[in-house]
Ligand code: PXP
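Below, in structure tokens: the form predicted alone, a single chain.
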């Protein structure tokens, strides 16, 4: 069964709307772990629009599972990661004008730079993940860089409807299989919620799901611990279905 890593960025988004000290993303991380999350994810962006440096420091002091720091592979962020040393860093693309991360990192088009950044983080004792679209050339490039993990960007699947949604799921399934053949570890995330997570969680090669916004949104209605538990239960249900049905069959029934 895939594990759940909870992204707490948008708890900080609510806090930053008033520039005060609540709600506290670190408190949300504690509740997520109490509810069964296998790890905590946060994204330290260049513009600090939600998570700020002090959050990452406090998370490192508080998180009992694993902290995954999403970041651009820039000199500033590499230096910050070296100072904080989270369990894993994940390189993501970043543009100031975007609302959220749009698409995967172009590892293939920036191979030397990403490889050097990957090796630098690994030399400091951190695992490295690359957030990429489910494309074979990008998956192979992640392998060439020597990253420990790749995370498939599920945004195109999450935003699709009808036959296009099925096509995007098949891309994810094929990409995960290709990565597994390469001996790569596969995670997935972006835009997943209680409904559309089922087919992705049923992909056999996916070992971890990183989910944030939908959990935070649901938590507004039911509370943070319950929102995390319900997502874990959905993933567990998908795992049980995967023993009888393919991801495509699950998609046809639930989406």
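Numbering follows the first chain given and starts at 1. Keep in mind that what you see is a predicted model, and the values were worked out from it rather than measured.
Just so you know, the form predicted together with ligand PXP exists too; it's not on screen, but the next bit is about it.
- Contact annotation for residue 211: at least one heavy atom lies within 4.5 Å of ligand PXP in the predicted complex.
- By the criterion of a heavy atom within 4.5 Å, residue 77 is excluded from the residues contacting ligand PXP in the predicted complex.
- For the chain shown alone, residue 189 is a contact residue for ligand PXP in the predicted complex, at least one non-hydrogen atom being within 4.5 angstroms.
- At least one heavy atom of residue 90 is located within 4.5 Å of ligand PXP in the predicted complex.
- Picking from 226-234, 211-219, 53-61, 28-36 the stretch near ligand PXP in the predicted complex, with a 4.5 Å limit on heavy atoms, gives 211-219.
- Along 16-39, no residue reaches a heavy atom to within 4.5 Å of ligand PXP in the predicted complex.
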